[in-house]
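Next up is one chain by itself, shown in structure tokens, the form predicted alone.
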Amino acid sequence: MFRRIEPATHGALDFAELERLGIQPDDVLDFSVNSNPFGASPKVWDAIRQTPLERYPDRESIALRRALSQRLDIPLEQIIIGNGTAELIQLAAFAFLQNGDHALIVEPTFGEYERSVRLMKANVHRWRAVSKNGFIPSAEKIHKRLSQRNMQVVFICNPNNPTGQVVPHEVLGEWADLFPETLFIVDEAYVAFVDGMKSAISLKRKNILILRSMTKDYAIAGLRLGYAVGDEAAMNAMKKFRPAWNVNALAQAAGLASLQSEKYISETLEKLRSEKETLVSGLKELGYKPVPSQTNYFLLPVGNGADFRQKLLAHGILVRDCTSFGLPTYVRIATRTAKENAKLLETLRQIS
């Protein structure tokens, strides 16, 4: 009677778990989420305080879309706003997949891609990067996989979560040209964390759909906000499955204010890159071997990820157990502030 679709596993605080353990959420340092740890811009807080709560939000998020249109130099009609990229992934699956279709997922990666494919009763295909190559995607092997079967959709997280690796900009363009009947859904939730990385938006291919988060770099995860960029026909297809008022007024106001805070964001992200180098050096001094990544987060081999997570959580520190990514011997750590990183390193000294 009921369809059995397993939920995807995520990082971040599990409030029910903390309650069972008798831990207050405010007492936990969260290294499990790949967000800007310096917090939202002061302009965001000002915008939130000025937002009327008695009024329904704009169903089309026109002001935010217009600001993004000007920022990205693309038509307004090629942008839709979502309640985080997780909602946009589902909308894309609803719009572009149906029973019996085939979707390729480049792994290890975010679990919502597979869940959304399964919701549509489409067939899941995988290409998986491996540890011996530093989890760097092989353009040649993925191309070969694409040549073996007609895929309706390909999901690529770029930069990838949890590995922090990147598929080169020009490679995405080549794939789009070689496989024009395939829709490449490129999730760029973490693109801002890679200094100088080009967005696939600039490729301007009709069969590339780009998903962008505004919660990670702008530090507004509690509001849930993201957007999709693509061909106007693709945007219209996704809109048909979108709930009314899917983006609340506070999120829209925060998004607009964030776009006006570029100096603050660029300064904090630059600081974050520096802190990552210090944290990685500290981990190496303790005998750990962080896997190189191009982002603020990285994989750390620890033997048993679940046990390692629980040991740190008992000390008020949360890291991401990577078992759900098919990597049970790893955790994922996202860089935080200097003081917080120092606490992590000191705790690891104590429990090692």
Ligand SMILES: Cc1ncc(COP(=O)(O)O)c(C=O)c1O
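Here the structure is a predicted model, which means the values were calculated and not measured. The first residue of the sequence shown is number 1, and the count goes up from there.
Note that the form predicted together with this ligand isn't included here; everything after this is about it.
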**Contact residue in the model of the complex, from Y113, Y218, F193, F184 (heavy atom within 4.5 Å of this ligand)** = Y113
**Complete:** Answer key: of R224, R118, R242, K276, within 4.5 Å of this ligand in the model of the complex (heavy atoms) is R224
**Request:** For the three residues Q165, P292 and A334, verify that every one has a non-hydrogen atom within 4.5 Å of this ligand in the model of the complex; reply yes or no.
**Result:** no
**Request:** Report whether the minimum heavy atom distance between G282 and this ligand in the model of the complex is within 4.5 Å.
**Result:** no
**Message:** A86 versus this ligand, in the model of the complex: is there a non-hydrogen atom within 4.5 Å?
**Reply:** yes
**Request:** Determine whether any heavy atom of Q90 comes within 4.5 Å of a heavy atom of this ligand in the model of the complex, and answer yes or no.
**Result:** no
**Message:** If we define contact as a non-hydrogen atom of the residue within 4.5 angstroms of the partner, is A189 a contact of this ligand in the model of the complex?
**Reply:** yes
**Request:** Look at the stretches 171 to 179, 67 to 75, 157 to 165, 229 to 237 and give the one with heavy atoms within 4.5 Å of this ligand in the model of the complex.
**Result:** 157 to 165
